[in-house]
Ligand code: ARG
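Have a look below at one chain only, the form predicted alone, in structure tokens format.
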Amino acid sequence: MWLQEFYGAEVVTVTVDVGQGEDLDEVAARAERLGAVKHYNIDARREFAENYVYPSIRANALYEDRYPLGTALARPLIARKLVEVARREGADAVAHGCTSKGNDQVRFDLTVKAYAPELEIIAPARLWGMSRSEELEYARRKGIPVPSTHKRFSIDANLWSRSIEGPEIDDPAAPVPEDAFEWTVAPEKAPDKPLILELGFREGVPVSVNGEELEPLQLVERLNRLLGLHGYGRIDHVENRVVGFKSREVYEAPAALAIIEAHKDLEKLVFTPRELRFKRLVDTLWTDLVYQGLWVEPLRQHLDALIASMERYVEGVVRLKVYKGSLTILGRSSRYAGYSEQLASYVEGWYPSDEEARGFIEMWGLHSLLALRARGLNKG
């Protein structure tokens, strides 16, 4: 309505389904009531799972060790679909609803600029300068249907995570109200019998649950449901935003947290120590780029190629136990395991001789011992 009034624009509306669970028919009907000349509902769930979520699993993408990038991964896909529709319709601008305070404005704007630099970007919420009460009054005057009772929490959900915001949780010291959660039951109310799962991996991504092979979309949906019923998957942390301040962020991400935990464990079984430590550096860099809205950054594509090469050998099975909100890894196996029970066992098997052990220790510590001696620091 605002775009029509202030720009005289013909508005084509676009909703991209990335697993948020909206009633898309109602969305289309609402767009028509508000005067959209055309509306697109785009089902991108499978594309989101295969081309965005699964690469993030290979990269163990947990921003600041907690957030699995659900919203950050979806934004570049939504922006690309928006550009495709804009070009199909001959539009000269695209608009989104981001404010000047959030991370998503960066993600949308940069992605649109990368794919369609000729399109103007309009962000009404950055321009109109209305407070929340003024927005509601504007909607009332223009006949825009807004519920008389407003939701306590602002929710952004997709296949990979559900983010929860609202005044009640802005204080980082305040507990999150239980009714903010939807995907996960309270851990204390979870079943008394633990859930045992086996996740099968191939080339760094999950391919099966308890031996049953599943497509990415099915696999993630199933794990979200199973793990959430056992109270697993809640995140509450203070996050460093792109736009320059800290925010208290609350998420639900049962499948994401379990898959990444299992994947990291399997990598430790397969990778050499040098591969593992290098991969952790790569993971952090990849994750930061995506969180910061730089999905289009060429370095991210180079890192994808590197990660794919390393992940060729991340294959095997990880056995998990989920009980009242906690997850424990019970075991793991892989045909590419760099583990030898004969070498690791303290009961039987190979032991270095005393001479071999002394020689190794001497050579291993030589740099440190020489430095201490040179600096006069080895005299007690």
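The first residue of the shown sequence is 1; numbering continues from there. Nothing here was measured: the structure is a model prediction, and the numbers come from that model.
Form predicted together with the ligand: not shown, discussed below.
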Position in contact with the ligand when the complex is considered in the model of the complex, options A256, L227, A262, A72, heavy atoms within 4.5 Å:
A72
Option touching the ligand, based on a heavy atom within 4.5 Å in the model of the complex, out of I122, V176, I155, L136
I155
Of the listed stretches (244-252, 213-221, 109-117, 192-200), which one has a non-hydrogen atom within 4.5 Å of the ligand in the model of the complex?
244-252
In the model of the complex, S163 touching the ligand (heavy atom, 4.5 Å)
yes
Residue contact check: T287 to the ligand in the model of the complex, 4.5 Å heavy atom
no
In the model of the complex, does D104 come within 4.5 Å of the ligand, counting heavy atoms only?
yes
Contact label in the model of the complex: E239 to the ligand, heavy atom within 4.5 Å:
yes
Does any residue in 280-297 get within 4.5 Å of the ligand in the model of the complex, counting heavy atoms only, and if so which ones?
Y291
